[in-house]
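A lone chain, given as structure tokens: the form predicted on its own.
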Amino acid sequence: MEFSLHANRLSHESGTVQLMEDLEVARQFEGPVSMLGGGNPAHIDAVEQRFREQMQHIANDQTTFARMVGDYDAPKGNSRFITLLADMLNRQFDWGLTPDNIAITNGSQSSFGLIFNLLAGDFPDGNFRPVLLPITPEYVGYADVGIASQPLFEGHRPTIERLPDQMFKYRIDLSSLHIDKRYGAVCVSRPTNPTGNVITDAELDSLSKRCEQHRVPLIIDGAYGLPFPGILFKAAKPRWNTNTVLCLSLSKLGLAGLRTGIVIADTPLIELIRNGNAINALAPSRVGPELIAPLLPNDELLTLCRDHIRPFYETRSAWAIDRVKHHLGHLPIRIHQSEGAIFLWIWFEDLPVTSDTLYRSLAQQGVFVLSGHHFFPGLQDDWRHRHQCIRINFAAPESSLERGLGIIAQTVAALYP
């Protein structure tokens, strides 16, 4: 069987494929497993109980259940959910949204596949405009969604601030960052997957002003952020205006299996996303919107985030950092300051092997992490640092994390002279 040139994009090594495949490899592994590499959220009892109650209510309502599982939604997504979401966001933040500013997709990955290729790539004037990532490392899932013949992303190297107690923090190097019409869009995740970094309000203001000045759209990936699921451990303000594309998700509420993405943007982009949904998938899923819509009018969704989701992850983050230092503190490591999301980013200074080699060694022992080299899309220079980091998911059960960290410590200790 012969394949088109497009197939090359799906046949090379991909961090996105690896992290999802590892979920199945781990299930089939013979022996104890510590799955610390995927993006699965934690199972938070109080949150899951509320979702079960709502799902049971839907199942008991013959009309609602039949509509949810048996009928296509509109290509733009569930109109009731969209209207209620616009009302909630306007009530909370006074953004002046209408339902025309919101579309639903089949998960954030589907959102990015549409948005990046709509805003970047080949343009009618003959120019190629990439997406600028103003700080790397950045989300691994961006790297492979471009359909253009040229690389779709240009990554920007951060500055590193070394902090006390084996911690560190990446910062946007604003002094060397230049935004102009060379770019189709600028994109940041907030908080950042994989590091847990939260760019400051001042940094986001600077990016927003520069983007508006040159009429370059600013994409904010809020999959872990504001206004929901709100997994941030420091003060930050949610942002939106007509030059901003805000991408949200239901996944990190604990609903990753429902594959529901949300895009908030100016109307022309929303109309293109609607068309893309229809062409590629006919319509997005109804299940997530039907489940969550009743939690919007009284802000119950935001209450769940504030009272249960954020406190759970903030407590777990502190515990995980303590356990990393317990197991690995004798090694030359630094942990990125954990300001949000569900991951710890560990930097092994002067690691004698690459992070990919370390990943493969750990996988053979039933410990699955993510090699850091996958998280630098569009960064052209061969920065040694990018091969010295791993990402671990601290949403894993505590016993699994404890076991995995012990094996990581033994494995890495044997590598250093």
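Note that the coordinates shown come from a computational prediction; the quantities given were computed from them, not determined experimentally. The first residue of the sequence shown is number 1, and the count goes up from there.
The form predicted together with pyridoxal-5'-phosphate exists for this protein as well; it is not shown, and the discussion that follows is about that form.
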property: Partner contact for residue 108 in the predicted bound form: pyridoxal-5'-phosphate, 4.5 angstroms, heavy atom; result: yes
property: Interface membership of residue 228, pyridoxal-5'-phosphate in the predicted bound form, 4.5 Å heavy atom rule; result: no
property: 4.5 angstroms heavy atom contact with pyridoxal-5'-phosphate in the predicted bound form for residue 73; result: no
property: Residue contact check: residue 290 to pyridoxal-5'-phosphate in the predicted bound form, 4.5 Å heavy atom; result: no
property: Partner-contacting position among 101, 317, 249, 136 - heavy atom within 4.5 Å of pyridoxal-5'-phosphate in the predicted bound form; result: 249
property: In the predicted bound form, the residue from 338, 193, 277, 78 that sits within 4.5 Å of pyridoxal-5'-phosphate by heavy atoms; result: 193
property: Residue stretch of 198-206, 291-299, 166-174, 215-223 approaching pyridoxal-5'-phosphate in the predicted bound form, non-hydrogen atom distance within 4.5 Å; result: 215-223
property: In the predicted bound form, residues of 167-190 near pyridoxal-5'-phosphate [heavy atom within 4.5 Å]; result: 189
